[in-house]
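The chain below stands alone and is given in structure tokens; this is the form predicted alone.
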């Protein structure tokens, strides 16, 4: 799978061939630090003074490299696909090898950092349900008004919380059909490819 690099991203990375390979390696280190601890403007200012360029140029270069490394790591693309993805940038063979080495050296750490940044969504624990039917009221002697009450128990960060939902059977049936349709969609080749690349 190849990365699809936007024109803006290519523009940000176009700065890399203008600097020495040791500077590109340092940018790679800064990019990984950026993921760990966030942006540090002082680093950009210092690098801009040393390289005699604007602060924005350095920041865009680091951010472009960060994007390249994170997207590649997220998709776990192979060495060959990574090389093919950056080939369109027109860099020298030496720079391509350096970027490949940066990717190979840091992809596991980047994936670990990204997994820690991912939100922790609630997960299913158990479900209780009850069907209530109102057969009559003071104003209507004969009526059938069913409702389904669902008590959903969820786990999140080791804590258990409960959500109570109430609906009519027609809406519940529609919800079940939509979920079944989504499960069928997950069996398609396209979804399998996407899920495989996410892992």
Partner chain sequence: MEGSSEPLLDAKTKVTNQLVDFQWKLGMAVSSDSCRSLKYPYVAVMLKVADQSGQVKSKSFEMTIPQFQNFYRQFKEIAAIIETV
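This is a predicted model, so every value here is computed, not measured. Here, rigid core means the biggest group of C-alpha atoms that superpose within 1.5 Å across both forms. Numbering follows the first chain given and starts at 1.
What comes next is about the form predicted together with its partner chain, which is not displayed.
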Only one of 52 to 60, 126 to 134, 168 to 176, 22 to 30 sits within 4.5 Å of its partner chain in the predicted bound form by heavy atom distance, namely 126 to 134
Should residue 42 be classed as touching its partner chain in the predicted bound form when contacts are defined as heavy atoms within 4.5 Å?
no
Does any heavy atom of residue 36 come within 4.5 Å of a heavy atom of its partner chain in the predicted bound form?
no
At the 4.5 Å heavy atom threshold, is residue 160 in contact with its partner chain in the predicted bound form?
no
Under a superposition restricted to the rigid core, does residue 146 display a Cα displacement of 2 angstroms or more between the shown form and the other one?
yes
Taking the rigid core as the superposition reference, indicate whether the CA of residue 169 shifts 2 angstroms or more between the shown form and the other one.
yes
Core-aligned, does residue 126 move its Cα 2 Å or more between the shown form and the other one?
yes
